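Before any questions on how it binds or moves, here is one chain, the form predicted on its own, in structure tokens.
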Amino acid sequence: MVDGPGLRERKKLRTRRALIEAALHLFEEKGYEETTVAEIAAAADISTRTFFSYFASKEDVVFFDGQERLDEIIDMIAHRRAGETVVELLLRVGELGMARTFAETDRLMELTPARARLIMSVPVLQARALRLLFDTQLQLAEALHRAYSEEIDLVEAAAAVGALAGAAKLATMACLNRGDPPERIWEAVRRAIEIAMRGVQSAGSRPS
């Protein structure tokens, strides 16, 4: 019996998810540097060759969702709601980011804090996260400026995006440092984003 396109796609998604879960579990258990690609593949019950058809490296597994999330947010900005303000849109962007973080399977949700701690503690992952952070924020600022070209310039768009990202990242790190569970992190990040956006709204309402 030949698998149809839908079944094949579901199998690929299950394999990809199994690889992510296996890798994050092994990184947490053994350490990032100590874990090999072969061990990740074996834990997911696939060959090493198959691993490389899903990810180019161990690093890519850690940052498995970055490009997909960025594309989704840029599309949201490009197709903003009629009459939606910059602050309203950025609040929706923040909510989407958090929803995607906590919409994974229970196991991936449990591993979300572990992944964040891993990135913060491994130099090569820290460096990549920093590069991705800057690249992502710049692309979002450019998208925001395009969407509101008659209302804000690129610098103002960059400041607004930076406020959103900084609030979310630092709130997450603060919660991780005190050992908060995922649901507490969600609440704290949402509150931090709301505080940051109030500041953006206040700044935007000041007379020139």
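Superpose the two forms; the largest set of C-alphas matching within 1.5 Å is the rigid core. Each residue number is its position in the shown sequence, starting from 1. No experiment lies behind these values; they were computed from the predicted model shown.
One more form of this protein, predicted in complex with another copy of the chain, exists but is not displayed; see below.
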(request) Using a 4.5 Å heavy atom cut-off, indicate which stretch of 40-48, 155-163, 66-74, 26-34 touches another copy of the chain in the predicted bound form. (result) 155-163
(request) Consider residue 126 of the chain shown here, and say whether it contacts another copy of the chain in the predicted bound form, taking contact as heavy atoms within 4.5 Å. (result) yes
(request) Using a 4.5 Å heavy atom cut-off, state whether residue 81 contacts another copy of the chain in the predicted bound form. (result) no
(request) Using the partner position in the predicted bound form, report whether residue 19 sits within 4.5 Å of another copy of the chain, counting heavy atoms only. (result) no
(message) Against another copy of the chain in the predicted bound form, would residue 138 count as a contact residue? Criterion: heavy atoms within 4.5 Å.
(response) yes
(request) Give a yes or no on whether every one of 93, 98 and 143 sits within 4.5 angstroms of another copy of the chain in the predicted bound form by heavy atom. (result) no
(request) Just give me the residues of 161-175, first to last, that have a heavy atom within 4.5 Å of another copy of the chain in the predicted bound form. (result) 161, 162, 163, 164, 166, 167, 169, 170, 171, 173, 174, 175
(request) Tell me, please, whether between the shown form and the other one the C-alpha of residue 184 is shifted by 2 Å or more, with the rigid core used for superposition. (result) yes
(request) Superpose on the rigid core, then tell me if the C-alpha of residue 172 is displaced by 2 angstroms or more between the shown form and the other one. (result) yes
(request) Classify residue 28 as shifted (yes) or not shifted (no) between the shown form and the other one, where shifted means its C-alpha moves by 2 Å or more with the rigid core superposed. (result) no
(request) Could you tell me whether residue 20 and residue 186 have their C-alpha atoms closer or farther apart in the predicted bound form than in the shown form, knowing the shift is 3 angstroms or more? (result) farther
(message) Taking the cut-off of 3 Å or more as given, in which direction does the distance between the C-alpha atoms of residue 127 and residue 177 change in the predicted bound form, closer or farther?
(response) closer
